[in-house]
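Structure 1 and structure 2 below are the same protein chain in two forms, each given by itself as structure tokens.
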Structure 1
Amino acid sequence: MPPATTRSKTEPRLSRPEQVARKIKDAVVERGLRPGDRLPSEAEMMAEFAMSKGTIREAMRILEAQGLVKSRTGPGGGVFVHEVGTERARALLSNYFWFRDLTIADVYQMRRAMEPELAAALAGHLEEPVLAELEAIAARYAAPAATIEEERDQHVASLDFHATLARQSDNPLLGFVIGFTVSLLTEITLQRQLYEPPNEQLRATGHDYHCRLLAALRAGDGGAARAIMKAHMENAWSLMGNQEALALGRFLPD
């Protein structure tokens, strides 16, 4: 590790809590600590780093905000190494895209590339309970919606179909990225109310693709699953593109 004096001028020197957080993190890595392992108590860290309680606590907050540790009160309590959860990782990453307004096209460019790969990999590898769960989800948008609220729920359910598929991936990277992409799309859809006006064609073709995909997954036909998912993505992309254009039109009437 380079000495602290070699810092460049562009990175402002770290505050003391940041220094402590960094050192704790390095120590965890170096000593190979695993989730559940206990870190030194506040009192011990105050002595170890010769810093006040407040400073140590701020350092722990930094690590906790990143999902790396979790603290408990009481005897046997303390600060413990923690595995970053999927939900937390999603939330942290979605902050990155907050000021980088993504378009539907951006999201679908990703989906078009990734989801067919996932479908192919999953074919023949899903247990019956999962297949049943997917069928239950698909059943929720088997028929046209009667109200706007139902329309929105159907839209979310059809995205949940893909999120459920993503959770089945034994590739953590692929699973996370697809799950994140789907959650991004869900946020965008709900925030801009892209389920309005109702798009019967989007629902009908989506449901049909999902059913055919399930059949291919159950049959273990990876090639077919990939092809169906690919066609599904292309189709959804063009239909969702229309929805986005309509939504934009709501604010740019002419």
Structure 2
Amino acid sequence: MPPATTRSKTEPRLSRPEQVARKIKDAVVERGLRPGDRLPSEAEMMAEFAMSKGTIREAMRILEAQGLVKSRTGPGGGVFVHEVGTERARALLSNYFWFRDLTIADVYQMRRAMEPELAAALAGHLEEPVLAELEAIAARYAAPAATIEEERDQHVASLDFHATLARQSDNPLLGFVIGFTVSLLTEITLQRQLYEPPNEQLRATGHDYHCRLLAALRAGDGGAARAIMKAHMENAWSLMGNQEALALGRFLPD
């Protein structure tokens, strides 16, 4: 009888270019290379990894597609370590979720867990220009929309409020994950037209929660900020879930 294994599926075998790409990434970390540092030449990599020119070039194409290296031609050219920008990282992750049919419940399970803690951590630590920016965003959905286009823009603006908060986090992982989750929700809202039909309760309660949250953030009351954000997420989850059900032509169960 073959030995027991905990793997449910056999991991796919990496091609030679993929193996070399991994080794190059490991070498970048081990050598402490930073964005903008030049990588060894093609000939040096061929010698170091004992691979052909074609394999090395394909490995570099893989890394460039991932945004981890950038090629420059001409004098002073070569291949350089490149830092993946936030928007590119989000785009790559969005591609992963493209065919996974995420639901409002999926997104809000994440938001309910993370955003109250972010709000508590930011209380009393936001500079006045950031608070003013948040107030200006909230003003964009202070009154009911006059058209469906304005309704759509108000939905996007209300989510931008949360994306702006995420950018203030001292924890880069927490800020990125929340920002990415908000961007996913924005995509879902626009693709599935969850702003139709207009939902005045969603707008009014969302604006009220944002105003109360701003007061708690300005006052430095972390406990209140956490509680307000938690209630906001619960309320938005319910109302957005109903919007999703309407968009899909069905009703949510009791």
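Whichever C-alpha set is largest while still superposing within 1.5 Å between the two forms counts as the rigid core. Because the structure is predicted, anything quoted here is derived from the model rather than measured. All residue numbers here refer to structure 1's sequence, counted from 1.
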Which of the two shown corresponds to the form predicted alone? 2
Choose the entry from Pro197, Arg22, His82, Arg112 that sits at the hinge of the motion between the two structures, where one rigid part turns relative to another. His82
Size of the rotation between the two structures [smaller rigid part against larger, C-alpha superposition, degrees]: 22
On a rigid core superposition, how far has the CA of Met51 moved between the two structures, in Å, if you could check? 8.3
Once the core is aligned, what is the C-alpha displacement of Arg72 between the two structures? Give it in Å to one decimal. 3.2
